[in-house]
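So this first bit is one chain, no partners, the form predicted on its own, shown in C-alpha cells.
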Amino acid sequence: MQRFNGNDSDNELYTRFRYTPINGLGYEKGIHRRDPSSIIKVGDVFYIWYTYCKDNKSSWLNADIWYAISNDGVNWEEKGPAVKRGEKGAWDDYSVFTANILVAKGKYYLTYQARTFLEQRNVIGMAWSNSPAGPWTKLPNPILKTASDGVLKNEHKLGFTNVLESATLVDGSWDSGAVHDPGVIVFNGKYYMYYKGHPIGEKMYADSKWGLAIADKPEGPYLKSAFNPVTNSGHEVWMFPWKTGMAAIVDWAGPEKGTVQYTEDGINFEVITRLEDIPPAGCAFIADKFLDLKDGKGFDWGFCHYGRSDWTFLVRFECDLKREKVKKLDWSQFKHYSTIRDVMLNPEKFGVTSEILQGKK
C-alpha cells in the first residue's frame, strides 16, 4: 500500500473505452482502412487521414494516404487520396502509410511512413498544404531515417515486402530496422516528433520503443534526441497535452505496455495508471494538441482500427480522458471484461454456435 496512488475511479488518466461503428469508413470487403491520424476540426468540418490499401497480402504496404470529412464525427464522407506513392525509383514508390497531422503557422503538415521497393527499412516523410483538403506538396527528402547500423541478408531485395522473412546478419541499434508512427506535437515552442523504432535483429517486431526528434520549424530539420529511446515500451505512438506537460498512451509491446504515462519535459516519462482494451492504433480529436497552452484538457472520443480480420476497418471510441469529466466505470457497459478474446474472435472453435450468439439457444 506504500505504492498506492489512489483508486482508478479517482485517477484523472484512467478510463474504459466504448466502441461504436463509423458510417462511411467501416468494414468493406476488399479495402483496408487503418492507422487513423489525429482528428482536426476546421470550421464546422472534421478531417481525418488514414492508410488505404487494396492489397490482399498486406494491409499497410502497397498503400496510399486517404482522407475523409464529417460534420458530426459519426457520419463520414470518404474524399479520396491525400498523399500518393511516388514515381518508380522514388524513396516512397512502394507505400505511404500511417499518417498523422500537424497544424502550425496557418498550414497543415502530414507526417507519414514511406517505403521503396529497393529498401526494407522505411523512412518518415512529410507533405504540406494550405488547406486540409489539399493539394499536398511532398518535401523532396525524408525528414527522418533509421539508424544506419545492422545488416539484413536481403537488404536490397527488389520487391521485398516482409522484413521478418530476411535473416539478420548483424544486429542493429534500437531504431535501425524501422521508424514508424510519426506524430508531431507542439511543446515549449518547438516541434516534438515522437516515433516508434524497431531494431535490426531476429526479434525485430517483438521489441519496440519510442524515440523523439525535435525541430524549430514544422518542416524540420528534425534532430533525434540524445536520450533516445525515451520509452522502454509501446507500439503505436499516442501523445496529447495534459495539464502543464504531456501524456502518452503506451499500448502493447514492452514491460510497461498498457499504461498511461506523463512527462513534464517530453523526455522523462512516469507511469500514472494502467488501462485495458486500449484502442489499436488509436488517435483522437484533441482540440488543443497544437496550441502549446500548458493547460492540456484531454479528449473524450477518437478513432482506431480493427485489424484482426482479412480486411481492416476504422472504429470510433468514446472515453473519459477529458479533464473533470465524470467517468463511466460500470462493468455492465464493457462486455469484454472477463471474456477471453480468442472466444470472441472464433466462437465456433469453442462450441459457441451462431444460434447461441444470437440468443436462440
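The first residue of the sequence shown is number 1, and the count goes up from there. Everything numeric in this text was worked out from a predicted model, so none of it was measured.
The next section is about a form of this same protein that is not shown, the form predicted in complex with a small molecule.
Is there a heavy atom of F97 lying 4.5 Å or less from a heavy atom of the small molecule in the predicted complex? Yes, F97 is a contact residue.
With a cut-off of 4.5 Å between heavy atoms, is K209 one of the residues that contacts the small molecule in the predicted complex? No, K209 sits far enough from the small molecule in the predicted complex that none of its heavy atoms falls within 4.5 Å.
Heavy atoms within 4.5 Å of the small molecule in the predicted complex: does R34 have any? Close contact exists here: in the predicted complex, R34 approaches the small molecule to within 4.5 Å, heavy atoms only.
Mark K289 yes when one of its heavy atoms lies within 4.5 Å of a heavy atom of the small molecule in the predicted complex, and no otherwise. Answer no; every heavy atom of K289 is more than 4.5 Å from the small molecule in the predicted complex.
4.5 Å heavy atom contact with the small molecule in the predicted complex for all of W60, Q113 and E236: Contact check passed for all of W60, Q113 and E236.
Just one of D181, D175, D92, D251 has a heavy atom within 4.5 angstroms of the small molecule in the predicted complex, so which one? It is D181 that has a heavy atom within 4.5 Å of the partner.
Could you tell me which of 322-330, 34-42, 309-317, 295-303 sits within 4.5 Å of the small molecule in the predicted complex, going by non-hydrogen atoms? Of the stretches listed, the one contacting the partner is 34-42.
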